[in-house]
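As structure tokens, one chain now follows by itself in the form predicted alone.
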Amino acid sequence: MEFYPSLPRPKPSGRPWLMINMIASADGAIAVDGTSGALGNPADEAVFSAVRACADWILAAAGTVRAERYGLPRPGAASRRARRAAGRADRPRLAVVSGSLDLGLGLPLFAEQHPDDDPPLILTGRDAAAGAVEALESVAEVVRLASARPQPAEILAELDRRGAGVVLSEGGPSFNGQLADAGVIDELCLSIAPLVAGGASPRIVHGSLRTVPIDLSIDHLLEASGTLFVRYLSATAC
């Protein structure tokens, strides 16, 4: 648990360090029947917690929040110790990117809030419907960004304004494509599950418009229960 949070992540100028954490099958699928749960195992769950312990903010697109039934982050005791040792708050904050604000109030991140929880931050576009904003304001902080559709640069600028040093994006793949296009990915933590999934699942980055690959280098490679855990750094972050 202490290994991941203690690694250096120098803050780039004007924005937080951006991590992406994803799991994929050996043939590149990121989901089975629409969710990533079937790809994981207890070792992956432990690494997932360790990676989350690195971040001041967790960032996810609305589609992922709906599909995976996101709740607010509630780290266990080991994760809280690792976070304190790295100089972070006991819990990361959660930010959700949604242009349409199609986020039902029955989702766990709203319906299962505790009195001492920091509410989720919902980042939307400048033209978000006033009624949709009003519906969420009792359970979340809603921020309209300058663009009609939230852009990676302004998303990270908003989190930087809030003191974020490290932001962890958990997808989904289309949002990862936007981050790749913006050239802001500093670190990729990829779990490779020992199975072939088949199907039509997208890759971890989907819909990117980039034609020039993002060069990565392997910083660490771990194995447990047949699953490979790879920490990549982008060439610009090394």
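Keep in mind the model is a prediction, meaning the values are calculated, not measured. So that there is no doubt, residue numbering starts at 1 and follows the sequence shown.
Separately, the form predicted in complex with a small molecule exists; it is not shown, and the next lines address it.
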M22, E170 and S174 each touching the small molecule in the model of the complex (heavy atom, 4.5 Å): yes
So the small molecule isn't shown here. In the model of the complex, which residue out of V47, A31, L188, A193 has a non-hydrogen atom within 4.5 Å of it? A31
Have a look at V51, I58, A180, A62 for me and say which one sits with a heavy atom within 4.5 Å of the small molecule in the model of the complex. A62
Contact flag, A132 vs the small molecule in the model of the complex, heavy atom cut 4.5 Å: no
So in the model of the complex, is the small molecule close enough to V184 to count as touching (4.5 Å, heavy atoms)? no
Partner contact for S79 in the model of the complex: the small molecule, 4.5 angstroms, heavy atom: no
Does any part of P119 reach within 4.5 Å of the small molecule in the model of the complex? Heavy atoms only, please. no
Considering the small molecule in the model of the complex, find the one stretch among 132 to 140, 106 to 114, 145 to 153, 82 to 90 with heavy atoms no farther than 4.5 Å from it. 145 to 153
